[in-house]
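A single chain comes next, written as structure tokens; it is the form predicted alone.
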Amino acid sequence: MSARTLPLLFLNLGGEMLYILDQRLRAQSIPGEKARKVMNDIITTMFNKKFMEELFKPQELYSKKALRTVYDRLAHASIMRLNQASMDKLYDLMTMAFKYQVLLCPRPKDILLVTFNHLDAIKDFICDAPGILNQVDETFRQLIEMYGCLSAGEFQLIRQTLLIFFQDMHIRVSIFLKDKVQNSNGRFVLPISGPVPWGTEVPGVIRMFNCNGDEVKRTEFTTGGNYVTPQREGSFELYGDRVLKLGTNMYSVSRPAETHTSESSKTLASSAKENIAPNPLAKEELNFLARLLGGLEIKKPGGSETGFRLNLFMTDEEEEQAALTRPEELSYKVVNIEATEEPARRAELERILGDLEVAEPCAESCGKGEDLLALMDGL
């Protein structure tokens, strides 16, 4: 498992979240000024300096539930509100889109180009806010500094870590189904045509060499696919042509984005039930969330501002039906964690976390993380 995966996972999922929210804000005819405020507020929170500092520290990936808590808080960083069913759907769309992009990356290093595509699009969402643009550019520089010098093997480890994170997720998405890149069981169809990875040759030739390294025989074979050589490598600089289209906004064209629980939901549900068992990393995840969420500044409607509810479904009835039919094991129970900068609250959080310190693990302490979740829920 790579300790450098979390920033890429967070930024790409965050980019997909902004694509979806932008599409739904337009579909619900939210007034332009309100829509711009929502996008600016979320982007400001997402690229908060302290938040990014915590994010870029080397650390292992945490559970889906822990990350889901961060995105729930992020989505509510402005005057917009989502109910549980819409938040579930938003998270499903985010994760399946990025999973597809990771699977289709020609080479592991191209995950960085996918991330740059997301950040390029995020900059286009920003309206009349040079300060926010500077925040995003600073994150660009951090990405280039951290990942620009990594070897192909290190990028392969990052890709493997991401695929392990996504391996049990098979939610069907209408856009993928219509484009025939996803099967009815929620699994993706990988193409057997298109550009080969940069720096490689089109398959179809077998070369044999002698012990001196001289080519002695060449045999051609039929690949069964229509492969082509890429014209150039995508730019890994702050500005430039990324060439790769993975990670660009697939909702920019007017098309509905729907999710359906796949036929394999029973398998997912049984897997989720197994995850209910006490997690030995629970305390570490809570420490991580406390640090991470402590950097977020959540804005509430004030003065003449009025909040509004965003629906990710076509109608309210469809949203209510989705909430009723979604298996309980697949619905993320979000924990409300207050980890603000006020000294009193920070001290109280540290006191609670301090109570978890144990000299040695024992059978009686395995549920401590669960107890703390309940305590934090009441803060």
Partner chain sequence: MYRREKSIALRGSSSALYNNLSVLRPPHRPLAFLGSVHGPAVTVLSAAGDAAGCAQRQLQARAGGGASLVTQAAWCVLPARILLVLTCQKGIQMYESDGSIMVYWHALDIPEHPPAQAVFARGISAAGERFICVGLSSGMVLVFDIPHKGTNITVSEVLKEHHNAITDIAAELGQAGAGDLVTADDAGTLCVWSSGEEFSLLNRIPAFGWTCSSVRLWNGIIAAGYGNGQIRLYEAATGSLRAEVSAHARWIYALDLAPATGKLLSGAEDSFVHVWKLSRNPDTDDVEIEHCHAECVTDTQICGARFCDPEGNSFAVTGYDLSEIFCYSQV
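Numbering follows the first chain given and starts at 1. The structure presented is a predicted model; accordingly, all values stated were derived computationally and were not measured.
Just so you know, the form predicted in complex with the partner chain exists too; it's not on screen, but the next bit is about it.
The candidate stretches are 118-126, 98-106, 171-179, 70-78, and the one lying within 4.5 Å of the partner chain in the model of the complex by heavy atoms is 98-106. In the model of the complex, the partner chain lies within 4.5 Å of some heavy atom of residue 203. When the partner chain is considered in the model of the complex, residue 221 lines it closely, a heavy atom lying within 4.5 Å. The partner chain in the model of the complex comes within 4.5 Å of a heavy atom belonging to residue 207. Although the partner is absent here, residue 154 is a contact residue: one of its heavy atoms lies within 4.5 angstroms of the partner chain in the model of the complex. Taking 232, 217, 141, 245 one by one, only a single residue has any non-hydrogen atom within 4.5 Å of the partner chain in the model of the complex, and it is 217. Checked against the partner chain in the model of the complex, the candidates 240, 199, 131, 148 yield a single residue with a heavy atom inside 4.5 Å, and that residue is 199. Contacts of stretch 1-33 with the partner chain in the model of the complex, defined by any heavy atom lying within 4.5 Å, are made by 1, 2, 3, 4, listed in sequence order.
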